[in-house]
Structure formats: C-alpha cells, structure tokens
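One chain comes next, on its own, written out as structure tokens in the form predicted on its own.
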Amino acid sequence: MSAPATSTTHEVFNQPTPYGGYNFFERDVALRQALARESAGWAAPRLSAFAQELGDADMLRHGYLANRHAPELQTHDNFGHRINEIHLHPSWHELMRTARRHQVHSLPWTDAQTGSHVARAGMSMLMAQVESGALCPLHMTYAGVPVLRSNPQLAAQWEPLLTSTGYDPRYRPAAQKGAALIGMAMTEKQGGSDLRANTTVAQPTAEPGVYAITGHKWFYSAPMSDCFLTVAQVADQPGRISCFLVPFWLPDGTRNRFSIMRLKDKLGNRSNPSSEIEYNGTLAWLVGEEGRGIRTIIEMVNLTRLGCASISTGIIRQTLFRALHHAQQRSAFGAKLVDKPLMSNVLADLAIESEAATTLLMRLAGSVDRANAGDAGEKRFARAATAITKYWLAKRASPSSFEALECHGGYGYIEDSYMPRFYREAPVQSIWEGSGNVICLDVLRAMDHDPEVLEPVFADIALARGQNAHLDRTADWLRSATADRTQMEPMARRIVEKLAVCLQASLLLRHSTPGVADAFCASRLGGDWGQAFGTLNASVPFAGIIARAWGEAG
C-alpha cells in the first residue's frame, strides 16, 4: 500500500512572523524624546543596550516561563526544620540577573548624574514589557535604600549588597553573599491600607535598637528576599507605628524566627511570590525614629508608586506594540488590518494613550530628580504628581491592554500570545502601594498638609495655556473644583483624573506632534470620544500617529 498524498490543510499563512528581535527603546520615539527632555539623554545608550537584550526572543520566553511555572513554598526541610524557602523557575533568575546587571534596582544610588531617576524609570518601563513580576523586588530594593539611610549602621551593612550589580538567589547569611534584595511586609487583615490599624507589636530587647516582633502580615511581598521592611507598634505605645528591618538571617548565621504560612494564589503577577507571614519573637532592627514609622516608610512608598506607574506605562506600550506587529501583517477582507479604517482608529487611539502615559511618567521621574537636587517647587510637584500619576496610569493599563488583546482576535485570548498575561498583570498596579481611593485621598491629605501643593501642577498645565480650548476650560474647572477642600472628597477621583489628563495634554501640546496632541485633547477633554478605544473623530491623522508609535516617524 502506498502512502497517502501529503496533506496541505495545515499550511500556515496569513499569520504574523514570530514576535521578537525588536529594540523597544529605539522603536519608542516618545520615550527617547522624553529621556532627552528630562535631562537623561546621557543614558540613551544604556537603555538601548538593555532593550536590545530584552527584545530577544529567548528573553521574551523567559518572561512567559517565569509566569507559567509559579513559585513554590517549602516550609520545612526533610528533617522538620522550618526553612521558609521559595523555589523559583530558572527563567525568573535569568530575568533578575539581567535586570540587576543593568542597574534597574540601583542606578540613582550608584550613578548620581542628573536624570538618574528618569533613566531608571525608563529601564523599568522597558523591563515591564517583558516581565513585570520581577520588578516588584527590584523596585522595593531601589526604594528601600533611602529608607535604610536613616539608620547609618544598617545602611553601611546593607547598601553595598542592595546596590550590587550581581545577583545571588541562594539562601545564605548576608555576610556570605555579594548581593541582596529587600522586600516589604506592611498589610494586615484588619487594616489593609490603614497602617495605623496594625496590631503587630514590637517588644524592645536588651540590645538597643533591636526588637522582638509578634503579629501576622497578610501580604508579604517577595518573601525570598534577604531582608524586608515592616511596621509595628512598640509595646505600650498603641497607635504609634514604627518601622523595622527584618533580616532573613541573624548576625550569628542562624535563621530569623518567623513563618511563611502560604503563597497567595493571585489573578496575575504569577511569577512574583506574595505570601502571608507570622512573626513569633522575630528579631528586627529599628529604622528611623520610634513611633514615626509611617513617615519613615513614606519615602519608600513614593518611589514604589513611581515604579507602579512605570509598569503600567510599559504594559500600555508593549500591548500596543504587539497589536501593531499583528495588524501590519495580518490580512482580512482584502487588506492588512492596519489599513482598515476602523482598526486604524483603534490603533491610533491606543498609540495616543501610550504616548500620553510615557510623557507623564517621565515628567514625574524628572521631578523626583530635581526634587532630590533641592528644587522646592519640584518637591511639591512630585508630592502631588506621584499619587496623580500612579492613580491614572494604573487605571488606564487595564482597558488599554484589553483593547490591544482584542486587536488579535481569538489568538489574543490564548496564553501563547502572551496577551492574557499582560491583561492580568495590569490591575495589580491599581492595588499595589494604595488602591484607587487610597491614592486619591492621599492627594487630599497632601493638600491638607500643604495648601499650595497643587500650585506646581497647575503651573505645569499652564505652560500650554492658550494652545487648546479644551485644556484651558478643564484647567479652569479644576481651579474651581479644588478651591473648597471641604467639598472635594466625593469628587476626589474625578479631580485626580482631570489633573492627570490635563498634565498629559499640556505635555503633548508642548512636546508631541499636533496630530497626537490635538486628538488627545479633543477626545480626552473635549468629549469628542466614545466609551471605548477606536472612537476618535475621522479627521484624526491615524496613519501618522501609528507610524510614530511603530517608530517610523518622529
């Protein structure tokens, strides 16, 4: 019997080429321009080299595998000893090794050039386009350094390890390692974001500055870290929260006394372990002043909120870029998808959202640099704009990533497309470091503490005064809406949203193309927009906006 004729029913055609090989930095016109504008042009070669590695197909695969194979908790060894070890996939370690080599976790503390926070925010945005779970411990390590500096002895011990460009995932005492990570354990069941409701107690020991902590933390982020920051109330001082550093290993080389109870089964962010932990006489070292723990930790929180904004921006950008990759090669109804007017409306709308997010993120990072250099106005701007930016970009990442997923059709709904992972990843940025309401209330608290805190924000918006009537009208409304603080709380989300969008509009009018800026203002501020992406006015120059987003036009 002869073999049957070769079947041709499985010939693959009308599919895009395999995704990979892109330099995400060189393709991102808005990011490159913002980097130069915010005094970090010197870092362009560094970001380009990092992006070249990240865009490699093998690195993209590492991002996929790190999430496909979830971390595992080993509570005890085979002899029954409590060890609290987390086992992570090799792809996780490769991602961490690459990121630390490029100083995603440490650049501002090891390279004090102007614009170092801008450069680091850009690197974080690039990293998020491959895998953002690994950015959790990297961001906490970056943000923890200035907190530890309030205790010079702790800083001298830990900072060289935290800022090292090496990566050492072994469970070993810090003295036996050349690199370390820092985690965070703040949230408790009964309090959530209200840290003053925490009930964990720290009992002073005979050694000055050392306490024994007892309590339960509902979310302990990155429990494989070498040390972590936590808060507790000192015994006999109810309501007075203090900040502490808890090392995994004690100075004598033994394991600290605590129990990781379980790993959280999360919607997304699967690569990064989150856990519950119980302290039972756990030794901890005081950071900052006793009873002023929230003030001590707030600097870390502000920097990790900047990190959340960079992840959201990276997700918005990468899902757009993948949609563009798909639409430029896939044909339907006689033409490439990208050339279909309705699809080009969707893609242009997503591109506008991405550029607006990028300009706002980098403006905020620039303010952090200038505030650290002593600029009082920028310090005020950063205080308000950190919350404003984190809130809005996190809110935009979910609908943006979903719309980009839908551009792929059914293929986008399949895990192999990677799109579901980005979609699941987006919501956590709205929850980390304060959910939406907490962030908006933080803006109100900033106004209570400093009634002039929004003035630098209004001044930045006013730099585009007279260039667009929609922006001018909304800015005037904001002035009126924020005039009476007593009436603001029910409107806090709307006000923070409008502040963010007006900042984006001002930045785009001053620094982007007229096509992008005018379409943004008309749709986001002028009401010339529907309830979904792809509802821009037909007069918008879709092709030019898409070309800019793809990196083919300035």
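Not measured: the values here are computed from a predicted model. Quick note: we count residues from 1 along the sequence shown, nothing fancier.
The next section is about a form of this same protein that is not shown, the form predicted together with a small molecule.
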Exercise for the section: Flag T187 as yes or no: does it have a non-hydrogen atom within 4.5 angstroms of any non-hydrogen atom of the small molecule in the predicted bound form? Expected result: yes
Problem - the small molecule contact in the predicted bound form: Q74, any heavy atom under 4.5 Å - result: no
Handout entry: Q157, heavy atom within 4.5 angstroms of the small molecule in the predicted bound form
Key = no
Handout entry: Contact label in the predicted bound form: V428 to the small molecule, heavy atom within 4.5 Å
Key = yes
Problem - Heavy atom contact within 4.5 Å of the small molecule in the predicted bound form, the stretch among 98-106, 346-354, 333-341, 432-440 - result: 432-440
Exercise for the section: Sort through H87, R292, K266, H449 and report the residue having a heavy atom within 4.5 Å of the small molecule in the predicted bound form. Expected result: K266
Fill in the blank from the handout: in the predicted bound form, the residue from T474, T296, T200, S274 with a non-hydrogen atom within 4.5 Å of the small molecule is S274
